[in-house]
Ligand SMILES: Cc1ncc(COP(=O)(O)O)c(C=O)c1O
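Take a look at this one chain, the form predicted on its own, written out in structure tokens.
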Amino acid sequence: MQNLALFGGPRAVAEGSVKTWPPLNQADRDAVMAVFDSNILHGTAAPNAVALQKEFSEYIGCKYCLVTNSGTAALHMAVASLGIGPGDEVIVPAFTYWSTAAAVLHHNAIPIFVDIEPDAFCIEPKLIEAAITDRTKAILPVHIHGMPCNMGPIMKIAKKHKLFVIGDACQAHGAKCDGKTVGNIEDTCGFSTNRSKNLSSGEGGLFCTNNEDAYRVAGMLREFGEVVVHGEEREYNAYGMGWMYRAHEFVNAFCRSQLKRLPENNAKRQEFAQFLTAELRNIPGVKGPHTPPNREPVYFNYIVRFVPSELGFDVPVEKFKAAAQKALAAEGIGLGQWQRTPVPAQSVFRDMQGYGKGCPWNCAHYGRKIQYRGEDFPATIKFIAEHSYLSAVYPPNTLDLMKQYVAGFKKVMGEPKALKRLMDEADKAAKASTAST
């Protein structure tokens, strides 16, 4: 027990070993500084905007791409460009970042939630058909944590019921299912280039499609609902509701520079993740992510599953996870969690807040009673309880850091008495807090 850093022992991960994302180099700096020299700072016809659209569409293999100022904007464009609107229903996974469902609400449509797979944490295709009604217009699978959804069955269901498929690939640049890159499978798709993402520009997004009509509509949505023909005098006439979703040239230039290294950086993420998963198989108490054979993830997040029963503990997994994370943090191993409740349990849905006065559920003559309850999604609840995300499984970190991580996991999981002590201390603290209130 004294070997653990939490109780005075040496850390498994040396101080200063962990480096931040994204890796930056002189090419990135030169690309951004060149925008100053060009004196072209904005606009959808700006050279970096046009070039980035061409380069990213070539990367994923689709016909059309539009650069936007966020992933959420790209998702909203992906929904709205297909004609989805008031009273329409869109099927969404119960586990995702809530902006996926927000993109549906933004266009006055209704999110209908479906639970996730028990092993690969994406939407469960087997549950989709039961959620389809005569109001359903689209399925919105989320390639979460860089794991592509099982797109073959999803596309078959969509074809059978004449539905659109909208991809949320905000965390999955370069991920593949059945050998095909996400963003080139769905009818429309949105990507984020927020700083944390596999392709980073600081903040931004990319809308992708093979549908010419969707591309044309999305182009108007991005620019105030106007038709802007570059090289011609602007009409200043809105043909429909539009937003200001343009990105600026500094972001575009930075993103283009980062895109050049995306395949290399993704390959490093995959190398690190595969090493960790193989090593964690031999450490009781923890497991790496499950990857189905037809999918190629890009590991936006590396998922760690906690299994107390493997160490002989018959306790709620949340209790074991909290104790283990505390001990691992002392070793220099950062584990965290960003989503702690199913999306339909969040207040905006549970309380039917929407965007005011109960819309969209009680406007547009919707007429169907919807109730959102987090407890209706057991696989999502189980995933949230059991899993955490291991930080820095990406370059410029190296395999040496991954080896230090493995040493730390072995060290902590090899001390079940210490973990029992931490769980007992947490119980005592909770009882004392309850008694004082």
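We number the residues from 1 along the sequence you see. These numbers were taken from a predicted model, which means no experiment stands behind them.
Absent from the display: the form predicted in complex with the named molecule. The rest refers to it.
Checking 142, 328, 151, 139 against the named molecule in the model of the complex, a heavy atom within 4.5 Å turns up for just one residue: 142.
Though the named molecule is absent from this view, in the model of the complex it lies within 4.5 Å of a heavy atom of just one residue from 100, 198, 81, 201, which is 100.
Stretch 67-75 is the contacting one of 67-75, 269-277, 282-290, 316-324, since its residues have non-hydrogen atoms within 4.5 Å of the named molecule in the model of the complex. Contact annotation: residue 96 falls within 4.5 Å of the named molecule in the model of the complex, judged by heavy atom distances.
A residue is said to contact a partner when one of its heavy atoms sits within 4.5 Å of a partner heavy atom; residue 186 fails this definition for the named molecule in the model of the complex, lying far away. Contact annotation for residue 194: at least one heavy atom lies within 4.5 Å of the named molecule in the model of the complex.
In the model of the complex, none of the heavy atoms of residue 221 sits within 4.5 Å of a heavy atom of the named molecule. Along 329-359, a single residue, 338, places a heavy atom within 4.5 Å of the named molecule in the model of the complex.
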